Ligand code: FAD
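Have a look below at one chain only, the form predicted alone, in structure tokens format.
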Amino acid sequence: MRISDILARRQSFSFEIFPPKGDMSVDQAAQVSTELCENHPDWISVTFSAGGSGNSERTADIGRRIERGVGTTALAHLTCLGSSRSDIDAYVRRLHSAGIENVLALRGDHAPGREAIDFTYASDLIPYLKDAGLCVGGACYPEGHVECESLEADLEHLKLKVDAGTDFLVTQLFFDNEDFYRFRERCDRKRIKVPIVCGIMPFTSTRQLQRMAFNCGASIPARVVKRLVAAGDDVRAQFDAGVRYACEQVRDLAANGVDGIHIYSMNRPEIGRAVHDALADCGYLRA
């Protein structure tokens, strides 16, 4: 099913997983997907070689398992930096073969040896994927992309992506919902009218939170810091504090009429279950 069709009918609920690395097999990754699907998400997205890690070949494999094995819609990520048209064509053929019709078009991170070939930005890739018959999502940044000099410049880049044919947007993680509400207002003023799905990543440790904030440019509210201070060095207490905070975030987002909620699950089904229960309690999820 096309994600644009889902979003046209209702608020969505979805998860993200990343392809297996190291000792994690494709079967194990598929098992994570199966457990997440017990929470009845509208789709599960599968990342594409985040940070240039080289696992892009697994994205279509996992997406195939999601589509055909558990009957849930898959959203395959695709980064274009360092890829030629022939590379993209080959990947699109794999998606079609796997029964995947939704893709999240991304530029990708700069890394040594990863320079633009035929596509410099996601806005270059989007119309190419649309011509291939895919439903195309794009990324957006409530606090601005970490490489962008201003919020206004970031919004101009986003408008280019939307005008290029983006069907829906998924946000980068954020920890203060007010940042998203201000971003939504800026999009309204800019006449960006496509659905915007809120990406939420529960922090699970102090170290992980610091890494996310540095890599993504997400600000950390004082109330988050206070909860981590209260958790101290107890690893489980840090994890529980992060999941509880994410559950509070999604309840507030649900109450404020967002188009969708997308959970960066970090391949941990227990996170999915906790957020699902929080949204079910507040009446966000459909019966």
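We number the residues from 1 along the sequence you see. None of these values were measured; they are calculated from a predicted model.
The same protein also exists as the form predicted together with the ligand; that form is not shown, yet it is the one meant from here on.
Heavy atoms within 4.5 Å of the ligand in the predicted bound form belong, among the stretches 127-135, 180-188, 82-90, 148-156, to residues of 148-156. Interface membership of Q238, defined by any non-hydrogen atom within 4.5 Å of the ligand in the predicted bound form, is ruled out. Contact check for L104: a non-hydrogen atom falls within 4.5 Å of the ligand in the predicted bound form. Remark: Y141 counts among the residues lining the ligand in the predicted bound form, judged by a heavy atom distance of 4.5 Å or less. Among residues of the shown chain, P202 is not one whose heavy atoms approach the ligand to within 4.5 Å in the predicted bound form. Listed residues V194, A98, L160, M212 were compared with the ligand in the predicted bound form; L160 is the one with a heavy atom within 4.5 Å. Shown without its partner, the chain has V170, T171, Q172 in segment 168-204 as residues with a non-hydrogen atom within 4.5 angstroms of the ligand in the predicted bound form.
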